[in-house]
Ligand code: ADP
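A single chain, nothing else alongside it, follows as structure tokens in the form predicted on its own.
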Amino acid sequence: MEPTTVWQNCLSLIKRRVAAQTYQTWFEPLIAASLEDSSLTLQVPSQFYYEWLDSHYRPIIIDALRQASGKELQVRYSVVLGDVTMEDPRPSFPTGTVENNGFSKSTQLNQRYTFENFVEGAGNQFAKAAALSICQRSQKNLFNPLVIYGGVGLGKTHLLQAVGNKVLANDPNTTIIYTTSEKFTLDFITSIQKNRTTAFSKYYRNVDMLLVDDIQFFQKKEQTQEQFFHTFNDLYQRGKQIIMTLDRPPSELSGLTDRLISRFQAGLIVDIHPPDLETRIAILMRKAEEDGLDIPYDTVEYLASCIKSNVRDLEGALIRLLAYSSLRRQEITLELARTVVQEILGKKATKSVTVDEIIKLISEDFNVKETSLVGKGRRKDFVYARHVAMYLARELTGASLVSIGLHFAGRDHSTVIHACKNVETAMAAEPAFQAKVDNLRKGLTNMVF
């Protein structure tokens, strides 16, 4: 039998056993080169292609050969590089084309991600400063590579793309590529499939700046790591800027080669922490301002107090709140926000109240006007109630000491600490007072949902 005939019969059998995408990627490009008594030789475009086929699909191929030929045949591979066209391995886009959502096809950057709309807080201040410094340096950057790591939805992608957008704004002739680790891997596989690995290498190395998101997904992809290692080395040796993001410190990555991790650690490594309450409030207020929305401050503070995981979840909660308001034709209120939070968090919903609610309840329970409670008055009953309010605010809201102090005529954090210590001392000395505070705490907790 002709080798082509045997292989076509094999393909008919293999096609039934693998996914359509797998068949198109790994089997359709193969060419039967020769057929001997004991083996069929297949042409493959690279060593990586051969290794992948042999390690993942050898049993399927051997079984198909036996059925197609009626005898036991082994499979052999011939790596044929052939002629490589020097063209971009990815689709070409018109330079400067920007879609309505701000995405630029020519750079793969989204112009909505800028330093101007990145809300700075204690958890991301250093990372932002490092990223911004790269845009401002005209000489060779000492922060190369720059590695930014942190949890999901904390702004790593925003910072990464903000660098690209800022650099292009300063010098439109700069060549920048933004990509994700997944896209880099898919481009590499496509270049193998289409016999264009040289073009792939030139595409990623002929740049002034390479921005790569979510490097952790290179784990266990040995050939992709090899390709990225050589790309990294080439760019680094020529003084080109490399910026990467990770979801954890490089030292904690398993499944990456030591030489890659060593190169990541040779530059500047900065982390992003979850935003504190004040930063979360600022993020929501900035988002509302950008969308032209008027949302009561107590509602913003409540959302920020309850949604603590990351910025993406925080913005998602705001979008859901707006959707509820629009579809139900209701004003955006604290009650509506509670409904949204309850649906988002479910049983994990935080029994959280706002400082303003605590002030209101303490005012009623201690028979003290709210203005006197938060004001400068030093009457004993005012101070007594004020200290209890500060203590419960720290216990129940998760607000920072500075934020609590701002609710009480701008008092500083040391005043809040002093008030809390006084209440704790009084509770330890007077069981009746402790019972009163406990009842107030329970009342505030139960009133939330």
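Numbering starts at 1 and runs along the sequence shown. All figures in this text were calculated on a predicted structure; none of them were measured in a lab.
From this point on, the text means the form predicted in complex with this ligand, which you will not see here.
- For the chain shown alone, Q241 is not a contact residue for this ligand in the predicted bound form, no non-hydrogen atom being within 4.5 angstroms.
- Interface residue remark: R320 is not counted as part of the site for this ligand in the predicted bound form, having no heavy atom within 4.5 Å.
- In the predicted bound form, at least one heavy atom of K287 sits within 4.5 Å of this ligand.
- This ligand is not drawn, but in the predicted bound form it has no heavy atom within 4.5 Å of Y204.
- Residues of just one listed stretch (354-362, 217-225, 115-123, 186-194) have heavy atoms within 4.5 Å of this ligand in the predicted bound form: 115-123.
- The contact residue chosen from G375, G151, P249, P296 relative to this ligand in the predicted bound form is G151, the criterion being a non-hydrogen atom within 4.5 angstroms.
- Checking S181, T157, T231, N110 for any heavy atom within 4.5 Å of this ligand in the predicted bound form turns up a single hit: T157.
- Contacts between 302-339 and this ligand, taken as any heavy atom within 4.5 Å in the predicted bound form, involve V311, R312, E315.
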